[in-house]
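First comes one chain, alone, set out as structure tokens in the form predicted on its own.
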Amino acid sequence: MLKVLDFLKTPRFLSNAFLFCVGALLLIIGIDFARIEINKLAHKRATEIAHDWSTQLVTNAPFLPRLLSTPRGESKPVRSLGNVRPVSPVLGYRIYGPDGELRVMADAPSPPPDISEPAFVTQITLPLTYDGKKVGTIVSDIDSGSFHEILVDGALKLGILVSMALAFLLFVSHSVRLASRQEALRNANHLMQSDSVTGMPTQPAFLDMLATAHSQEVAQQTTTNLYLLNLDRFARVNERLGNSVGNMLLRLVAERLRLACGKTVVCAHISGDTFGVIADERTGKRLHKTLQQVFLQPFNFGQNVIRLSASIGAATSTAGLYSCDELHRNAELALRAAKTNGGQQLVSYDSDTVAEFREIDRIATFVEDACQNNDFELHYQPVVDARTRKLCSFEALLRLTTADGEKIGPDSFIPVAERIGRIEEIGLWTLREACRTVAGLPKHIGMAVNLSVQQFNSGKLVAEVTKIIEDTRVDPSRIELEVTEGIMIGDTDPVFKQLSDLQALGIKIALDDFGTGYSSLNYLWRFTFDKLKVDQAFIRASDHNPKAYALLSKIVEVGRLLDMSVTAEGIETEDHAKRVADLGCDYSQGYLFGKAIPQTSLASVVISEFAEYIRRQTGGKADVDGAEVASS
């Protein structure tokens, strides 16, 4: 509703409304003027007919002057002239003597029933003279309907011709305005092509042309369409193939944009891997599909074949609905929405559509800053033996705290990091930090680290993990990499090959959150996981749901059958701990045994847990490395 009200206030709407009112008023005046003129012409024609008829009447009734000159008192009034009857289009007549008394009256014969009544009847009064003297008056009823109809029909045709002529003139005027606008944009485009790589206008020239297009939009009540294109993951192409190949790709992209958009559209190379497109009202409608088709075919040069995609943000302003800066900002917001939503798509600016991406964009900014400033932090949650409750390992959990102290959970920032292509970098940093940490802990304590599905896409995961193991000098058998069931989507053979190579290094592979994703026994026998981690949803549901308890039991049996150890997550109560231990789970993890703690608290937890374990084993008294530890 607010958008409608805002549109009603725009100059384009107000001017159109004014022109409509003026046109309607002129139309009413014109119709009324035509009606008056047609009636005048019809009356004039009726007068001519009446004059001719009265002349014929006097000629055919030579006794009429004598009759009229006879005084009324000396003779009876005559009501008819015998055979002298009215003829078409005379409907009747009345003759009055010099004294104004009715002397003669005659009506035309009644028309047949199938003949309609006269459409336009005119009453004409004329004097009757004899020897230069007025001897009476004749009043004739004339049917001038046919003539009136001819005039109306002619006026209607003339009005149609005038309307068509005006419409043609308006069309020509609009076409001339559009042509002049396109010509101005074309000239600006031609004069400002100065980018050394693509031959397109640079950012300052592009902004000037956008301002020109916007000013013409306001003046001519038209529309400006702005598109911003950013090549997805173009930095990786530069890193892999070098800047010369990257520049060649930019030139090819620029050439495709020119060919696809046409001469009437302004294309610019704004900066780096970002392009801009300005289109008018007519050509802007087709560009949505055209710009996406630019990247359907791969780019070929020499022996290199490269597939590129682009994120596109679109924004539209009509008759100054947005300022020039607002239009540019709207297109940038739409572009960022397209990027944070995974790229390779076009997003049009709309307050409702873009609003849902604002939070993602905000988190994406924090993720980018954290990657650049090394602001991520690892917390560690203990994993214990389900029966003895001895500390066996930790799970490294990633945390993000902004400069303002806002804590953003991994459920929020991990999906965003995957969308913007940062998860591989973050995952490797996490693994390296976790390996450094576990290398300083007692050798019986292991470390679990989560892997993202996207870390398998590049095919470099095994080599990168190998380098981290070598750099940190940690025993690979102490490292456990956790993957979710999402890796089973799509082509699983390359994923299974990388998992097998990691196992060959001595690293354990765990299937995390089992039972909540794409659970299938098919991949459990295709790949030998070292561990199953049962999702906490089963643990909580087994409190009150016998079916959940039965399913939990069967999951543990499957793990045993396939020679996998089983970890139960989400252990928060003693009942939970006892239940999973009785079912045969090997390990337990949850708040009952400790929340995730920062690295600074890790050493004290390990020492206190080890001392407590010794106390339990010795009944309250033990000698650890020659020092007596007494029960408190």
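This structure is a prediction, so every number in the text was calculated from the model and none was measured. Heads up: residue numbers just count along the shown sequence, starting at 1.
There is also a form predicted together with a small molecule; it is not shown, and the following applies to it.
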Practice problem: Answer yes or no: in the predicted complex, does the small molecule come within 4.5 Å of a heavy atom in every one of R233, V277 and G343? | Solution: no
Exercise. Name the stretch, out of 265-273, 89-97, 410-418, 122-130, where some heavy atom lies within 4.5 Å of the small molecule in the predicted complex.
Key: 410-418
Quiz prompt | 4.5 Å heavy atom contact, I571 to the small molecule in the predicted complex | solution = yes
Quiz item: Does the 4.5 Å heavy atom contact test between R387 and the small molecule in the predicted complex come out positive?
Solution: no
Practice problem: Give a yes/no on whether R432 approaches the small molecule to within 4.5 Å in the predicted complex, heavy atoms considered. | Solution: no
Quiz item: So in the predicted complex, does F33 come within 4.5 Å of the small molecule, heavy atom to heavy atom?
Solution: no
Exercise. Report the residue, out of T316, T437, S452, T290, that has at least one non-hydrogen atom within 4.5 angstroms of the small molecule in the predicted complex.
Key: S452
Quiz item: Ok, I363, I138, I306, L397: which has a heavy atom sitting within 4.5 Å of the small molecule in the predicted complex?
Solution: L397
